[in-house]
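First, one chain by itself: the form predicted alone, in structure tokens.
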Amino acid sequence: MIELKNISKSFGDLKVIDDISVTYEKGKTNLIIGASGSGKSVLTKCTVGLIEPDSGSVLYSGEDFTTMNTNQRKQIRKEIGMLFQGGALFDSMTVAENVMFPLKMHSEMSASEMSDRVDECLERVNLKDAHLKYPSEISGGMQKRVGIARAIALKPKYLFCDEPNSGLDPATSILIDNLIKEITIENQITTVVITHDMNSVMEIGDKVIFIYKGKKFWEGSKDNIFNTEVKELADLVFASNLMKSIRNKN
């Protein structure tokens, strides 16, 4: 579980995050949604320590990350997996080498143990025969799956996914959504997903946090959204004709 308590952040005179408190629940997919520039990414960067909040606290399983020293933070970061928007794979490394990278950096495994863990992770994302391929030789959807395999290599307690479906076709997006959801449940990870994909919200949104102009405007489950009276949320989620038709059926 991750708890954010009264997080605020300004850049100069611009307040980007305004007194946000939220709890990301263990074993669930916690989705952060909002228009571009609403503060989603800044909030997440404050959560993982890439940006220091001006006020408030971030607690990982009850431990205050904001007051930790550098060494203490390193221990927490070893428990965090990251799936980046563009995949962020190393082009010069094979698929297997990409997945092994965090193991070499942050574990004390032997070479054979690391190799076994790479095999496990790639098999879990259905890429057991892709070890020797390079990122340029596989599809965008496969690259995202490699990114997931790398993110879970160290068996993280916490998983952050930044726009995991960016650039993917609808069928592949559903596959990635389901994979994130399954891994979250199987390993009881606290998963946080930043997304613009409203289909993802409706598919895997155990908990949805709507950020509007730097404030937490709404939170609830995907099922609650259908009956929302918050105009700003409805305008975002049901902007497309497809989503409008889904809402009307419900």
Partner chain sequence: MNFFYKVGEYFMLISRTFQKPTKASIIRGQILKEMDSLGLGSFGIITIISVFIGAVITIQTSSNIDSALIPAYTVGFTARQSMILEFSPTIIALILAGKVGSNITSEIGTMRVTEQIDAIEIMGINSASFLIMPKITAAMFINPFLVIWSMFIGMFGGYLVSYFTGIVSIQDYIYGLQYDFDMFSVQYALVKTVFFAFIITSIPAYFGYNVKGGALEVGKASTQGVVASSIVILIVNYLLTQMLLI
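Numbering follows the first chain given and starts at 1. Every value quoted in this text rests on a predicted model; they were computed, and no experiment measured them.
There is another form of the same protein, the form predicted together with its partner chain; it is not shown, and what comes next is about it.
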Does its partner chain come within 4.5 Å of a heavy atom in each of R124, I138 and L179 in the model of the complex?
no
With the partner omitted here, the residue among M142, A130, M82, L175 that in the model of the complex has a heavy atom within 4.5 Å of its partner chain is M82
Next on the checklist: Just checking whether P156 would be counted as a contact of its partner chain in the model of the complex - the rule being heavy atoms within 4.5 angstroms.
Outcome noted: no
Query raised in the report: Taking heavy atoms only, is A111 within 4.5 angstroms of its partner chain in the model of the complex?
Result: no
Review point. How about V146: is it within 4.5 Å of its partner chain in the model of the complex, going by heavy atoms?
Key: no
- State yes or no: in the model of the complex, is some non-hydrogen atom of K45 no more than 4.5 angstroms from a non-hydrogen atom of its partner chain? yes
Of 47-55, 24-32, 204-212, 186-194, the segment with heavy atoms within 4.5 Å of its partner chain in the model of the complex is residues 47-55
Across 90-104, the residues having a non-hydrogen atom within 4.5 Å of its partner chain in the model of the complex turn out to be F90, D91, F101, P102, K104
